[in-house]
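In the form predicted alone, a lone chain appears below as structure tokens.
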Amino acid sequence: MTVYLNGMPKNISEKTLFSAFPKKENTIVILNGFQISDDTELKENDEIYIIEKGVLPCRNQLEAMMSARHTPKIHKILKNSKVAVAGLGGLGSNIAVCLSRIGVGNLFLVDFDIVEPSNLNRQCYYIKHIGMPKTEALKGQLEEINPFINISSKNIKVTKENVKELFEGFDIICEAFDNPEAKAEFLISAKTYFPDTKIVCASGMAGYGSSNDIKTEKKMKNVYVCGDFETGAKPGTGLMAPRVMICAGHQANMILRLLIGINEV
């Protein structure tokens, strides 16, 4: 039968995975997108990836590995996708990390601010980043997570005057601002200039309320909003890492679903 080993066709006579490819101590074995440790019967056209632990693979091997984990068709779609993240605070920085990990091939990061100490309670930055532009600090982190995707950035404040110039041509635009007025202004401008572009926003993720209150809803054509839609930051109700990251996860997951053609929440 024919199977595929690390992306290459192999004709084998053996019936099981480890009889065909003996398992070695320092390897990870992925069969049809799932990591396994027990011997398994093989079928025609099965896809097998054998990856050495602790070794940075070359680009082709890394993509093969990610393809195996995400399933090949999904990874190919993500690799060719273009997503813009507007705002790199608690939401945007964590969203960008998720998107880089799933292999979105083209990420555009936009923010005007620098990293400061109060950001560290929820944003994806370290002590060493204090004083650095968020665009620069985050880009460096993402390149260490996935060095084989294209990451561009712009250190600029988003206004209604520059939305068209900044965000034209993307598959999805992700809004991740802290300020409610900035959120509203951005959405109005983006919907005006890009009526057919999908936009993923957030509203209400402050405090320490139940995780189950965070949800994703389709609010209008091509606009998806994540959050509890009511809990904003105010005295006595700060922005806490768990809830912010849950909301960021909702946004990143909705972006993933939209990229692979699932339009329902």
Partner chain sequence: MKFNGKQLPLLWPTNLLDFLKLQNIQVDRVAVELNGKIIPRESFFNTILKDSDTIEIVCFVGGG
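Numbering follows the first chain given and starts at 1. Computed from a predicted structure; not experimentally measured.
There is another form of this protein, the form predicted together with its partner chain, and it is not shown here; the text below is about that form.
- For its partner chain in the model of the complex, the listed stretch (45-53, 60-68, 212-220, 24-32) containing residues with heavy atoms inside 4.5 Å is 212-220.
- This chain is drawn without its partner chain; in the model of the complex, the residue among I102, I149, L187, I77 with a heavy atom within 4.5 Å of it is L187.
- Between its partner chain and the residues K154, K82, K183, H129, the one pair within 4.5 Å by heavy atoms in the model of the complex involves K183.
- Using a 4.5 Å cut-off to its partner chain in the model of the complex, each of C201, M205 and T231 places a heavy atom inside that distance.
- Although the partner is absent here, F167 lies well away from its partner chain in the model of the complex, with no heavy atom inside 4.5 Å.
- Heavy atoms of K191 reach within 4.5 Å of its partner chain in the model of the complex, making it an interface residue.
- At a distance threshold of 4.5 angstroms between non-hydrogen atoms, D171 is out of contact with its partner chain in the model of the complex.
- Using a 4.5 Å cutoff between non-hydrogen atoms, F177 counts as a contact of its partner chain in the model of the complex.
- In the model of the complex, the residues of 83-102 lying within 4.5 Å of its partner chain by at least one heavy atom are, in order, G90, L91.
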